[in-house]
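One chain comes next, on its own, written out as structure tokens in the form predicted on its own.
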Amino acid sequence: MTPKNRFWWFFAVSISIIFIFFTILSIFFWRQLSPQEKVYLITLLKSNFAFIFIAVFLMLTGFVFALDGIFHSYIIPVVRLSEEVSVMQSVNPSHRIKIDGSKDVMRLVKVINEGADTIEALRKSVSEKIRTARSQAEEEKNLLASFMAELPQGVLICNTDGRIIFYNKRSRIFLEESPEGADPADAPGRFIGLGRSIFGVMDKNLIVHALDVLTAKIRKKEPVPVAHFVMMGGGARLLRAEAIPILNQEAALPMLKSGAPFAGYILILYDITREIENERRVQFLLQSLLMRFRGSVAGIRSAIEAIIEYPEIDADQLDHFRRIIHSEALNLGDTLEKTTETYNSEIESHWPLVYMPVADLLDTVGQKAKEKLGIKMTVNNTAKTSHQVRVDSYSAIMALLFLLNRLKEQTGAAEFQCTYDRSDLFLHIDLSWKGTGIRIETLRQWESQPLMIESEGTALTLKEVLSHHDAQVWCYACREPKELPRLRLFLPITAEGEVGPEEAGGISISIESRPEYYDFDLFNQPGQNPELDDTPLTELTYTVFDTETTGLDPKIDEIISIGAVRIVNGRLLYKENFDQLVDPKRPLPYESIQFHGIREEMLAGQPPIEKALPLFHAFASDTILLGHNAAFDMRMLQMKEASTGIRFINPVLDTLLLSAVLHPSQEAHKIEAIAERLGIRVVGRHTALGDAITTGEIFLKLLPLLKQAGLHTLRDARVASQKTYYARMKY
């Protein structure tokens, strides 16, 4: 009930009581009068009716003003005082009471604010000590979680109910990403998130089979129980999955309520699409080679058998068979050469190159040269700056060791000076020695040899390794008496501090704040699918959403933006969000553009509501919808049921109504007013995602106040909301 409504209700009750009192008093007085006195009184009232009416009117007016003064000086301030004290105590210690009232009330407000200042100072001191005590443990926990979140493999951890309690970025890419060039709105709507079911992104039969395998292996007491399966991921990926159980620490084989002898399981995902494609290409290549070999060998065999069987064959026929053998032998050589080139190109096509400091590369070469070849290599950085090169470390190291070994065999030198510097595009590495130089022809012969040093190396030649690295090698003779012969290797260089594309999506760990990719408290979450009405508000999963529209009439206006964010286990997951512009297929009113800032060119090419709404429906599945003035947004969604076939049956809560339940004496329940009252900074106002995030932050601040008010479950909050004045608003 608003303060104005409460005043008039209080006024009506007071007037009714006064009227009843004076009516009873008048009846009692009338009965005590004699007939002559009654006649005289009636005559007196008739003759002085105007004066009596004015007197009664003035008395009522004075009573209204007096009542209004008492109401706004004492009653309303006291009610607001209790509401604002609860805000100060529970959700916003920095909040201070600012109300108008009588002098006594204002003195009380001053005392409360001064006491709040003292309590806040003590609370900050205690909080600082607690934060310092927890920082090390929290830092280590977040470091581990951040490291796991950035692994190149996809990792998901689930409890026995199949609810996701950890995921990393790579798993989202593997399972959610649409095929390249596809319309995101055509995606199947598979979302990974904390508290979501793994069965929404993976075939349930595969998971159940893997868990059965794990259960059997654990009961057989296998030391490393692992289950494997292959599945299709997002973007037409083929994924290999490993399922690993998480055993309970209290017992070796605990049996949980679910019947599984473990507390949860880890799913590790590997993208094997490229691997399978390469294997298929190589297999096709070998099959083609075999078919060609069979034909050529058959021709050669037939010719030789004819020569052996008919030794006295005439010269022309014998020459014909010889030409057949020669031709087929040449075909075999050409086929083998082309197949080898194709095979090497296949190897190169998926030969990974990574960025590494050239100093680390050369230090490793120097150590291995000393251990394996007995060669001393002294490294000197001429430019005195750090550089990075993009290499396959193993083949690059083997190439440099191969060159050092050949130089030692050719020149007899056992000590080499290694210097490196950069030009505009290349890093040049110089190997110099005392003694004779080498000829370019010798170097070119080395390029055709495989990189083998004793029993270690690779079948690839030096030329193939150099080609894959876009590198060149050259030798220089002595031009001056003091100049040493040298061999120079040219490698493409990256700028100092530059990060390669492979590493751009790699591990980058920050431990300053708690990552959003995990919530291990969900291991102990009681009952994931109970009756929603009896579930505590703190245990529910919410989709906080908002819409931006072309106007305020759901019957004629269109949705142009949908924004949403999830709340799981009392945490607002900012990165698990939904942010989609929608093409309304109609011009935008000028007033609408001024309100939300969305222009028509921003909506060009965006999916229509028929494609956008199914995605949002999938994002919000199995959650409570939460909004501010949600009646309007729900009406907008309801108007699209016929055209999209999408119907939202989720339970709905409204922060506007919840604020009115908790603070009925406050006149303002807009987002800005509530946020200021609760100490929340508003960012991105009048954008769908920005308003959804602010609404979520408001709801989390309201949760402890709802608990204080005795509203613990979804039913409690819904029933209380329906009793508010704002619940009568219809769209």
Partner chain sequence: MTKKILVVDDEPNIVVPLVFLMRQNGYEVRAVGTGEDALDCLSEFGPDLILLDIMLPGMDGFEVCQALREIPKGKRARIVFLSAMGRDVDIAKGMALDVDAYITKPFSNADVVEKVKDLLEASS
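These numbers come from a predicted model, not from an experiment. Numbering follows the first chain given and starts at 1. Think of the rigid core as the biggest set of C-alphas that the two forms share within 1.5 Å after superposition.
Note that the form predicted together with the partner chain isn't included here; everything after this is about it.
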item	value
Whether 321, 324 and 327 all lie within 4.5 angstroms of the partner chain in the predicted complex by heavy atom	yes
Interface segment, criterion being heavy atoms within 4.5 Å of the partner chain in the predicted complex, picked from 411-419, 312-320, 639-647, 394-402	312-320
Interface residue in the predicted complex among 232, 306, 226, 151, criterion: non-hydrogen atom within 4.5 angstroms of the partner chain	306
Listed residue (485, 554, 261, 299) with a non-hydrogen atom within 4.5 angstroms of the partner chain in the predicted complex	299
Partner proximity in the predicted complex: residue 115 to the partner chain, non-hydrogen atom cutoff 4.5 Å	no
Proximity of residue 291 to the partner chain in the predicted complex, heavy atoms at 4.5 Å	yes
Touches the partner chain in the predicted complex: residue 423 (any heavy atom, 4.5 Å)	no
Non-hydrogen atom contact residue 295 with the partner chain in the predicted complex at 4.5 angstroms	yes
Cα displacement of residue 649 between this form and the one not shown reaching 2 Å, rigid core superposed	no
Large Cα move at residue 223 between this form and the one not shown, threshold 2 Å, rigid core	no
Core-aligned CA displacement of residue 311 at least 2 Å between this form and the one not shown	yes
